[in-house]
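Two forms of a single protein chain come next, each set out by itself as structure tokens; they are called structure 1 and structure 2.
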Structure 1
């Protein structure tokens, strides 16, 4: 029987994974969410689903995402509010790729207070920009289940196929080398200021994202468990 990897404690809060594209947020958010049995909320995944279903939001977001810019705050905020109001979020959730602007962070603060959550725990994935290109251009995702691979660092057992369900692996359109520059610029200009924002609030914990997946998972768990200790 497979070991039960769910953590016995409840998360009972919002955890935010902050960091540049390719830092490993999605990989770690899936793991943490699985261990605590809470939803993994990736605004990128939600937006890609809208794009693939050709919803009005998807039609608006598609060209913006394809050129590596950020989707307007108003669209993302409505989507997030609707998502965290669903009952499966009542014991906490892990945000990956949200918030991405100071306005999003401010709105999230209000939303969490309104819904009776404690202030968020923010994990900052620091990655040398020199490593970002390899992480992003090597990324492949399972079309069906969303599992994340890397052809250089974490290849699947069978080329082009997901280890879990045998599904086809694909490259995201915005993971092409020419879109990496604009995405990093958007990060530096609009999202990096959140590092100082959350540090000032005393919410930020740093992780060296260049370490192995297993080492990063251990560090994230230490942070989450440490934050669970009552203050003395």
Structure 2
């Protein structure tokens, strides 16, 4: 069942992270989810899970993904509904990379109400475009454990190797400079209107994403704790 009471050490709501690629949403989403013991939900992970398990949704998504096309809203939204209905989401969850459009946000709002959740808490990671480019092109990921580094801002102790398990670090193909420009344009066109949408609803909290990972984490935690205080 969806939560109907506020537990002092539970998240008990949906938290949405908005911001351009490279703003650090993934890192912060994992950290917040870990602190509160709730799922970190990524639509990319959901898609891969359904495809690998050959679910009905996965069978629909696989040929679309193999063509390199965008998975349609109808399919993504069905996956999101299925995911948040699982028991591990009963005390809240953190969305990373969803919603991407105002239409998705409106659907999510309805879905959350249907499941007894309060309105989502939305954290906006604000970052200068020049810094976005540096963040993305400098990003490296551990092939083994998925740890994320940045050769400019958060380099590993040993070049090309993960601090945790010594795994090889790689640059994702879509993190290369020639790919990043179009990605940022796509973000501005499609996703940035979400900032205006949630700001109008009074649910948006801005975070300066140019700060250190630790400083951003502290700011995110302040926002979440503040939002969880009982209303007077």
Ligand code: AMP
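Worth saying up front: this structure is predicted, and the values here are computed from it rather than measured. Residue numbers count along the first chain shown, from 1. The term rigid core refers to the maximal set of C-alpha atoms that superpose within 1.5 Å between the two forms.
Two forms of the same chain are shown on their own. Structure 2 is the form predicted alone. A summary of the domain motion between structure 1 and structure 2 places the hinge between the two rigid parts at 41, out of the options 105, 187, 147, 41. The angle of turn of the smaller rigid part against the larger, between structure 1 and structure 2 and from C-alpha superpositions, comes to 32 degrees. The Cα position of residue 160 changes by 2.4 Å between structure 1 and structure 2 once both are aligned on the rigid core.
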